[in-house]
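Presented below, as structure tokens, is a lone chain in the form predicted alone.
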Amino acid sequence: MNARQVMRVMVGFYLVLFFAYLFGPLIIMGITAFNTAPYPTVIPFEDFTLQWFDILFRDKDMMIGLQNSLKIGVLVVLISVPCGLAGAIVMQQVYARARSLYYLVVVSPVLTPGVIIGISTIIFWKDFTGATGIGFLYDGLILAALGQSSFISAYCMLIFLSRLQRFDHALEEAALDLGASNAQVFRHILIPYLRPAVLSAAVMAFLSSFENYNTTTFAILSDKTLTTVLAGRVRQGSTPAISALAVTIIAITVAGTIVYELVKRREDARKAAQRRTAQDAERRELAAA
């Protein structure tokens, strides 16, 4: 074997290990979710069953945790996306000398351990609600959403910043020169341009909230989310019902990805058709002239 063949074999071996490491656990969980064995096992495969999905959906604690995770995820999206957008816009407006300091301040929550964020969230909002009398904020779900939003909003800001770097600010100046107000420029020019970033930030914020554990386990108080319930169950011993949950989440994720891709392709095809129609009309006008 020459050096090129050896390199191909090594690269192929590396790829096999990489994909086995990446998809191996998912395949194992997928098999154990349909095995009748009471403990997650692949071999021997006793018989095909769907009982673990039934047990999963009948699990009261699991379903309550799932509902709470969904509620917190929606709250995090509603808080983090506007805050991230505001932070990105301010980042574009501050003086160049202060930009580094501002960036350090707004991104610092990302570098803070989740345990510290969770504990500080409880301490701050307990004192705040005690001083102001706004007691409804000292709730497990709201505290978890506020604690998660403190660092997830920084991720959203980074997404908006990457999009704004390609934005032509001359469009805003032209609209203002033509008499548009700042609110109109924001609504009719900036928001349409940032629409893909808004969608990406919302999806990222929801997923980051849904799987968060460190911050949530401290800020949630006596409530529970899906991740905290799962952590408690794993300590007691894993069951195929957890594998069934993993299969359900994977199925929903894959289905959402497929739907998004189909919608995106349909939209791209519609835009391409509009461009071809416009080009044909332009050519007809030139031919008639």
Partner chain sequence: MQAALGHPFVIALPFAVGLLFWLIAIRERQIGRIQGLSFFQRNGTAVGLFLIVAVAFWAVFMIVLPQLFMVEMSFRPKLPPSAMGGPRDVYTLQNYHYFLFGSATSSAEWNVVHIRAFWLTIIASILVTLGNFLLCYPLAFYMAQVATAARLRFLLLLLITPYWVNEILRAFAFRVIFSTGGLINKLLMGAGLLSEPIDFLGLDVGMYAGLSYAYLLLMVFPLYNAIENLPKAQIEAARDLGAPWWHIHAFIVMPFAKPGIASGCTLVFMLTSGALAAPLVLGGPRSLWFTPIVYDRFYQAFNWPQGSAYAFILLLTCIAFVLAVMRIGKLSLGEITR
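Residue numbers count along the first chain shown, from 1. Since the structure is predicted, the reported quantities are computational estimates derived from the model, not experimental observations. Only the largest set of C-alpha atoms that superpose within 1.5 Å between the two forms is called the rigid core.
Note that the form predicted in complex with the partner chain isn't included here; everything after this is about it.
Though the partner is left out of this view, Tyr95 does reach within 4.5 Å of the partner chain in the model of the complex, counting heavy atoms only.
Heavy atoms of Tyr14 reach within 4.5 Å of the partner chain in the model of the complex, making it an interface residue. When the partner chain is considered in the model of the complex, Leu50 lies well away from it, no heavy atom lying within 4.5 Å.
Although the partner is absent here, Pro113 lies within 4.5 Å of the partner chain in the model of the complex, judged by heavy atoms. Though the partner chain is absent from this view, in the model of the complex it lies within 4.5 Å of a heavy atom of just one residue from Val234, Leu70, Met63, Ile55, which is Val234. In the model of the complex, the partner chain lies within 4.5 angstroms of at least one heavy atom of each of the following residues of 236 to 261: Gly237, Ser238, Thr239, Ile242, Ser243, Ala246, Ile249, Ile250, Thr253, Val254, Thr257, Glu261, in sequence order.
Once the cores line up, the CA of Glu261 ends up 2 angstroms or more apart between the shown form and the other one.
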